[in-house]
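Presented as structure tokens, the chain that follows is alone, the form predicted alone.
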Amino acid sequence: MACKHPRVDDAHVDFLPENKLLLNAVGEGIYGFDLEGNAVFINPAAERMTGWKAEELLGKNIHDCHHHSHADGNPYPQEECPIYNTLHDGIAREISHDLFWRKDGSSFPVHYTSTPVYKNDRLIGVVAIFRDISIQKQTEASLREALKQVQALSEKLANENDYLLTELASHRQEVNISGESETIQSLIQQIKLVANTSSTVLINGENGTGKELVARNIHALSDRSDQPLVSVNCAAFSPTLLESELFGHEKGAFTGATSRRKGRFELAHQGTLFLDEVAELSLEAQSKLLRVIQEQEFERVGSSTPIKVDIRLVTATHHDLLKRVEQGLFRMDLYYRLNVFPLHVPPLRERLQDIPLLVSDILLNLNHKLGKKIKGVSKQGMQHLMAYHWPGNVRELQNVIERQTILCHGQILQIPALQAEPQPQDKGEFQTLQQVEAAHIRRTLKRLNWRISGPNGAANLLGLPASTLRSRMLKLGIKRPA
């Protein structure tokens, strides 16, 4: 479709960016439009992606040049274009599923934003910022195809080698996850499928659902099981400390670095590295993690010598990573690198039928740990467990059973009716972050009888080192009641 050629008048000068050097340096394509929808600024990245030179587009209606049609070739009227809608209503828009046409007639998928520009409270134009997401689209397509192939292969093996697979399963370690519900059995099958591959796994689920247990089973069933499984809680370290924790440091790299130290990547060489709460990584740490995944090498802090590593990466988070990508808190390219084989761990409220089996396994461990001889839970106690909604998931169930086991003097646990922690009523007043944090810590400590450390302590439930929790309690003035 031919481009229109309206005249560029002096009014366009007010819209030109003052710092063109900065805009010319960025990797995203940038267009500036006046109120008539004509281009008044085009940066070099936009030229490279579209094949159109700035002098060919300035003063023209860019929509008619490379946004004129949909992917299927149907016309894309200007009045339906989000960029031009922003010119009329001044509302910013973000589009993830669209494409631009190059000068040579080819097209590429884009993610772009259209942002209104005001001067003296008057709308004078729009800035559109876009990037080519071809690689991400290819990755999505490859992942879908790979999953289809895995499913087809799985069905073929199941049909042709059912007896053989049954025999092999009897001679190898099974998944150590309790539950007979359909969701858990599906999760177990997925773990078995992915364990002996080198694919990166992203485990998603609420706090307390057992994401680390899933990671440990993936490692135990893999061909790296005789090598180390190294775990890192990304939320437990500041961005500065996390870099040293992951990559290690040289002596003198920073104040307090009195000796060389290997990082978790180095320790996990030929084994599995489990990054828990990966969504908490800073953008800088995300960039460095992406490089390690791509190149399988890194440098210690304070060194320029690359170190090669061979690791299997398993990550976990309770966040919606794709939503954090949209919020600009997580790199899109890193998301697609991590989300090769996603696993979802269901919350306990969605598999209540697994509670009797979970309780049986928990009691078995507690009898050994506490020297008890508990045989089970009373019928009424089990009804109380089944009626509760379990906001803390399996971790909360473990805590409840351990607490009642300690208090029990017989062989049958009597579980009282369980109630959720009361929520503070809105009194029309705002609370500071410290007040909210202090209230949350107090509730957790009270629920756990003020137990701080240990696997069933408040620090573990809050995802903090015990020393950090004690420091926060001191700072917030939290003391155990006399």
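One-based numbering along the sequence shown. Given the structure is predicted, the values throughout are model-derived calculations rather than measurements.
Just so you know, the form predicted in complex with a small molecule exists too; it's not on screen, but the next bit is about it.
Every residue of the trio E212, D276 and Q398 has some heavy atom no more than 4.5 Å from the small molecule in the model of the complex.
Although the partner is absent here, V394 sits close enough that one of its heavy atoms falls within 4.5 Å of the small molecule in the model of the complex.
In the model of the complex, the small molecule sits beyond 4.5 Å of every heavy atom of E326. Contact between L366 and the small molecule in the model of the complex is not found at the 4.5 Å heavy atom cutoff. Taking the partner from elsewhere, G208 is found to have a heavy atom lying within 4.5 Å of the small molecule in the model of the complex.
Among S178, S231, S222, T86, the residue placing a heavy atom within 4.5 Å of the small molecule in the model of the complex is S178. This chain is displayed alone, yet in the model of the complex one of A195, C81, L358, V117 has a heavy atom within 4.5 Å of the small molecule; that residue is L358.
Between 370 to 378, 200 to 208, 119 to 127, 146 to 154, the stretch whose residues reach within 4.5 angstroms of the small molecule in the model of the complex through a non-hydrogen atom is 200 to 208.
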